[in-house]
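Starting off, we have a lone chain in the form predicted on its own, written out as structure tokens.
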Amino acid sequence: MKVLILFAHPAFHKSNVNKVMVDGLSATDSVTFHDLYQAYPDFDIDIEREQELLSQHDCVIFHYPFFWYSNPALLKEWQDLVLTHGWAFGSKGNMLKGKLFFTAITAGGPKASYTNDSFNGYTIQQLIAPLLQSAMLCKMITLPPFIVYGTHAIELPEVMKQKRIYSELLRQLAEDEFEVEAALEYEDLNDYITHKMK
């Protein structure tokens, strides 16, 4: 399986967690790491190039920091321009049909703050519903998210732990060891992979 990571971080130079999480990913044969802000600093997205990249991969990951309960602006622009009717969705839009999709998110708040009766009022799974619905419209197979919580206060050992889990997730995808039906039973892919690693 070929995996495409669409990475969107408008302030990557200031990031402590994502720098660690994505370090070395571009050296993986089966994983394509595509930094959207590096590729399109002026938001001038090459639609044909992006559609070709999507066509070449079996799993698509939106990897981004959680900003204002949503994804960064360039990733939204990418969705608006690249996922066109007749190509990605619609009666004849089948180019993404059957591909896996999930989000890899870094969130500043702790996990306990993302519940229906907490400070944020919603779970991250609820807040990313528009992305999941968009992927479903494109006939993709949507998976639970991979989430690193508490990035405002997280210590390096915990970041490294999450990086190992993420790396194992990507390895299982690339080597066709990932079990879709089993993963769907979990709230997030972190727990699924942690369980598999035991």
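Just so you know, these numbers come straight off a predicted model, no measurement behind them. In this text, residue numbers run from 1 along the sequence as written.
Keep in mind that the form predicted in complex with a small molecule is not shown, yet the notes after this line are about it.
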Partner proximity in the predicted bound form: Y69 to the small molecule, non-hydrogen atom cutoff 4.5 Å: yes
G109 within 4.5 Å of the small molecule in the predicted bound form, heavy atoms: yes
4.5 Å heavy atom contact, F89 to the small molecule in the predicted bound form: no
Contact of P144 with the small molecule in the predicted bound form (heavy atom, 4.5 Å): no
Segment that reaches the small molecule in the predicted bound form - one of 61-69, 136-144, 37-45, 161-169, heavy atoms within 4.5 Å: 61-69
The small molecule in the predicted bound form reached by all of H9, S15 and Y114, non-hydrogen atom within 4.5 Å: yes
